[in-house]
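Listed next as structure tokens is one chain, alone, in the form predicted on its own.
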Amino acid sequence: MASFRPLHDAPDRSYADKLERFGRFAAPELKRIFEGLGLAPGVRVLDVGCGVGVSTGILAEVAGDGAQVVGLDLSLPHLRNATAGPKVALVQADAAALCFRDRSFDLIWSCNTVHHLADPVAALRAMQPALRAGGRIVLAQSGLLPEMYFAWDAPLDDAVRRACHESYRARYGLASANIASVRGLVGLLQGAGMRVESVHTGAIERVQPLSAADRAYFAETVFAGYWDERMTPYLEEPYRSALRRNVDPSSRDYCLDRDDFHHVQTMTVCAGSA
């Protein structure tokens, strides 16, 4: 069913917990983004790559009564763990080959998804017939600019970021050229023959006190999920030891307990119309 995917997504693959934690973490910013989309009453929206539906549920809440919101994901386990709520319809399908009638939606939203596709431009072209007249495709991507985790230690921040990128490429068998265009949302829409209407990059920024959703995202998704034993071989001393101290809850240097904790990452939103 699914076309080849560089990050190995498949109908039976699941990283539902990670998606759930990110959705809860970024929920305040996602709600503000959705409120800024100017959704009309009765709007029809498709969330492509909806994962476990956290953002889809927020989208349905903002769209209001009378709206029709559909979440689409390749992974059946993601959809089975979805928490989008009763106002959302969920569909298992390939983002590169939508299964809807022409002119079904006013808006197609897709966050952190297009770089998972083998040919994002072809997928965006294939999505356009599903849009009604005047409809938009809105792409969002987190982390287009370098994230900051250790505001008090810039060299450690830089070293961890480089090691994480090297580990990521090794894990999926990617060369630098394979991810060279990851920031190119504008070019993807233009390549698909769309007119870029707006581009905006905002910050997801956290200081103390951290919420339970913040702490779960940092501790379980980032520290345990990304900065695990697969990443540390790419990190030289003394940075390896410094990272351990910063992410170990039993350490007095545990970063999530620091009064001066300050995290910044970006969310870029790019809207295009046919």
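Given the structure is predicted, the values throughout are model-derived calculations rather than measurements. Start at 1 with the first residue shown and count on from there.
Below, we refer to the form predicted in complex with a small molecule, which is not included among the displayed structures.
- Among residues of the shown chain, S167 is not one whose heavy atoms approach the small molecule to within 4.5 Å in the predicted bound form.
- Although the partner is absent here, F22 is a contact residue: one of its heavy atoms lies within 4.5 angstroms of the small molecule in the predicted bound form.
- When contacts are judged by a 4.5 Å heavy atom cut-off, D106 does not count as touching the small molecule in the predicted bound form.
- Although the partner is absent here, T113 sits close enough that one of its heavy atoms falls within 4.5 Å of the small molecule in the predicted bound form.
- Candidate site formed by Y15, S75 and A93: every one of these residues places a non-hydrogen atom within 4.5 angstroms of the small molecule in the predicted bound form.
- The candidate stretches are 217-225, 201-209, 50-58, 230-238, and the one lying within 4.5 Å of the small molecule in the predicted bound form by heavy atoms is 50-58.
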